[in-house]
Each structure stands twice: as structure tokens, then as C-alpha cells.
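As C-alpha cells, one chain now follows by itself in the form predicted on its own.
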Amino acid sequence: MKTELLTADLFEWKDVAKQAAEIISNGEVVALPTETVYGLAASIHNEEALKKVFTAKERPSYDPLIVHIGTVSDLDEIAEISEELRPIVDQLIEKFWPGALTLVLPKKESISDLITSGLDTVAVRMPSHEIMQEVCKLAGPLAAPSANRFGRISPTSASAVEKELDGRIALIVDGGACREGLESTIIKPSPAPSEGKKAIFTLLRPGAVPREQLREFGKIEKPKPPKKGEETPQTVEAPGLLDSHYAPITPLFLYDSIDEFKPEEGKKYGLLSLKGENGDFFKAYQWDKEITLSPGSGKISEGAVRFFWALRQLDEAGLDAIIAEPMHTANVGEALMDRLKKASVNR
């Protein structure tokens, strides 16, 4: 298959969105920009197109997809929301949609098991990126995981998608670099257990919406681990929950201290750093390549935006190993560390 690349510029992006919607409506899959990462989109109503998503990504069927919607009214086509759950869902929508918050909700019977991996819940969000939103409005709700091969580095640019999926999909829409740079936060909301108590949010995946912003609306809990002997792929409730994910081909090691790093003679090492020249890791070794996520300021929010881009640069640098220093976990730092741990070979 020949993969077409269309650039959505400031003046003609709606025309490009219309072309993308037509291709999706004809049963193909299209890579589209979102505010988080690029997504690989297919109509939720076309089983064959959904299968193409899994084939292009080499994605296992037990890993569910996120449904993206263009308007809030589309939600009731996707999810079966009870009277008890509705008030908290409405609050979250009002605050965070359109945006980088995914809600795991009871699904409508009409939603394909390919999307939900056979679960009785479905993950839904309304993206804020104008191109993805427009295509959703034109083509209807879209199932759209990240536009990369399964388990690999998430793409935050059209060129990254091209490196991953060229020849596997019909179209890539180049909408520039993603604004957030980390995938959406995924929560499973539950009604308050009793009057006067807050709703319960099971945090399935930390992401671009930090837990500090969610605490205003509910109590955040960790998901319950599967019982011993029941740790199967079918226990995955949302994307990005597997132990190994977001990984470069080059082995990545995440160390708490530079003292843990034992270089071998003749090998090339790269450094992924938040602090750069101000950090102990940067000064301790003559790195073959180093990338600082937030040069000068050391801001975790800037580091998160540059994270996947930096990881891809290091992966393509011909290194024997990538060494990553730990990041603080405040704000979106929790999501960044989650990605780092899942990308590393020693965690």
C-alpha cells in the first residue's frame, strides 16, 4: 500500500480534514494529529477497518481502543451512563472536554468487541485538536490508538508516524507537532459510595491531565491488581497498561542514581535528562549523545511535551544503550515517569 501524506496548513486544514473523513468513511485507516499524540483512526461502525488498525499496528486483540468523539452528544451513542453516574460524568466533561481526559464507562451493546477487547466498558474522550475534532464530526466517532507499532515510542509528529507505519495505512495527515506530547489520562469514574462523599476515580493511566486537577471532583484510587494466578492479558482495562510499552529499540535503563550506571568499554551511551548541565547524570560521564528535555528551566511540563521526540532521537542515534535520569512526579511528572518505567528494561 502507498501511504499518502497531506499537510493541513492554517488555511486549508478543513479541506484536508474532509478528505481524511472521506477515506475513513470508505473503510480505510488514517493517522491524525491530536493534542496528545498522533492517532490511527477508523470508524467504530466498520469492523473491517477496525481490523486494519490492529494489523497495521501489530496490536494484540486484548488491548482495547479509545473512542474519540466530535461532540458531547455523541457520548450517549457510545456509553450507557446510569442516573447515579451521570452527574459526575457531566462535571468531568464540563471541566476537561474537549481535552486529554479519557473516561472508561459502561458500553452500549452496539459497540464492537474489537474496540473493547470483549470488556463491558468502553474508553471515550473528546479531543481538543481541531483536525481530529473536525474529522470526528464528519465521519462519526473514531477508534484511534496511537499511530505507531505496538509497544513502540508514541508519535508526536507526522514524520514519526511515517517511520512507523509507511506502507501500512492509506493516509497520514500532517498537522504539526502535538501540543501536549503525552497520551490522555484514563480514569474509570464511579458514583460516591454514600451521601457527602466524593465520587471514586480509578486512575488507570496517568497522562496529560494530572491527578492534582482531578482531586477537585473525586477521590483517586489505584486499580486493584488481578488476583494471584489471574494475571492474563484479558485483565487489561485500558490502553498503555502493559508492563512493557512506549519502548525504543535501543535498550533504555532508568536509574535512581548515577552510581548505578556501570559503562562497558567500547559501548556508546546516550543520556535522557530533564536538568541537563545542572544534573549529576550529565556531569558524571562523557555521553555520546545527550538530550535535555527542558533546557535551562528544568520544567516538567516542557519535558513532557518533548519526551517522545527526545526518546526517538536517541533511539535513532546508533547507541548501545540509553540512560535516563529519574524525573520528579509532581503534575505531569507522574505520567512521564510512568512512560519511562514502561520503556525501560530494568524496571
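Note that residue numbering follows the sequence shown and begins at 1. Because the structure is predicted, anything quoted here is derived from the model rather than measured.
Form predicted together with a small molecule: not shown, discussed below.
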{"property": "The small molecule contact in the predicted bound form: Arg152, any heavy atom under 4.5 Å", "result": "no"}
{"property": "4.5 Å heavy atom contact, Pro64 and the small molecule in the predicted bound form", "result": "yes"}
{"property": "Partner contact for Asp74 in the predicted bound form: the small molecule, 4.5 angstroms, heavy atom", "result": "no"}
{"property": "Non-hydrogen atom contact Glu237 with the small molecule in the predicted bound form at 4.5 angstroms", "result": "yes"}
{"property": "Residue stretch of 247-255, 116-124, 129-137, 265-273 approaching the small molecule in the predicted bound form, non-hydrogen atom distance within 4.5 Å", "result": "116-124"}
{"property": "Contact residue in the predicted bound form, chosen from Val173, Ala160, Ile186, Ile111 - any heavy atom within 4.5 Å of the small molecule", "result": "Ile186"}
{"property": "Residue among Arg312, Arg59, Arg306, Lys52 with a heavy atom within 4.5 Å of the small molecule in the predicted bound form", "result": "Arg59"}
